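Single chain ahead, by itself, as structure tokens, in the form predicted alone.
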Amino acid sequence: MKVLIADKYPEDKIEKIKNIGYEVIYDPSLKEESLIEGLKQHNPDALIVRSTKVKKEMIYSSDKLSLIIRAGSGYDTIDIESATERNVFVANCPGKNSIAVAELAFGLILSLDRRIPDNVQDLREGKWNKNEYSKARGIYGKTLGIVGVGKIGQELISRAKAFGMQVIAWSRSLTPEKADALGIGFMKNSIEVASNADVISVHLALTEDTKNMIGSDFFNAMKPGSYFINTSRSEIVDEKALLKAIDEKGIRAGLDVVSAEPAYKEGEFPDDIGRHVGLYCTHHIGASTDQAQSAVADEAVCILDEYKKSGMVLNCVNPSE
């Protein structure tokens, strides 16, 4: 069997894939038209991607393709409907980057409170302004509101408690009993989280139900001057409503995901959101630690191994009837 890897992938994990009997074609440069040509040329049984988008024309360009693995938790970059029509299984690697994303989310919280990026930028420009940066609220005793209590949300809970924060949360799967077990306050809906928290962090999967879920009503309910973090998906948040809340209510925000995110890894970023006062943006790096990428890559190897041995697809998101 043959697997095409179209994103950067650890060399030791590539060797593991070879050791379980796959022929490996590794070309992280394949994108858009070049990926279509690569699939036609190599005609693999399996395709592994990380951030590369897999569209309908790509899925239909290989006669043998039967499995696509998203080396990460979300899979909105893959055309699931076309894959299902083509009888191609799609699998993901959920939960393996939870710690990394929670670490970044908490880093953004601390950055907002102490204005760390602004401190650094001023000193790089030769400016000393201790009077300005000596003002911070501190997060001890403050209330963190979490929207979405999956594995990432749960990792954030333990970190918030270590910093002395109170935690409240809402999630579709969260019950008062589960909240008690986690040692957090149960909120009936996301608006209750918004109105009762000093800091809010969003950890939802992108679905039709969650698209633009965090909008004007949510930001209107937030306390003036509170902090908002999103490390999930940009489509979950109405960015115009967020920017309005920043300008009118003094809300500060930390985003690892924005709607204007380019497809390329390096280049210009002309969108004004990156320069908006009161907003810190990072480069969609939540899962980008060596630890997380190693764990995700290992999970993809396990999926390939089981598929070769039994035909079963672990973590399949589009199982056949």
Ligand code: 3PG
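Bear in mind the structure is a predicted one, so any value in this text is a computation, not a measurement. Residue positions are given as counts along the sequence shown, with the first one as 1.
Below: the form predicted together with this ligand, not depicted.
Annotated contact segment (heavy atom within 4.5 Å of this ligand in the model of the complex): 69 to 77, selected among 126 to 134, 221 to 229, 203 to 211, 69 to 77. Comment: this ligand is not present in this chain, but in the model of the complex one of L255, A287, V54, A46 has a heavy atom within 4.5 Å of it, namely A287. For the options R115, R233, R159, K142, the one in contact with this ligand in the model of the complex, meaning a heavy atom within 4.5 Å, is R233. In the model of the complex, this ligand lies farther than 4.5 Å from every heavy atom of S190. The closest heavy atom approach of H276 to this ligand in the model of the complex falls outside 4.5 Å. A residue is said to contact a partner when one of its heavy atoms sits within 4.5 Å of a partner heavy atom; H42 fails this definition for this ligand in the model of the complex, lying far away. Proximity of R50 to this ligand in the model of the complex: non-hydrogen atoms within 4.5 Å are present. Although this ligand is not shown here, in the model of the complex the stretch 107 to 134 places no heavy atom of any residue within 4.5 Å of it.
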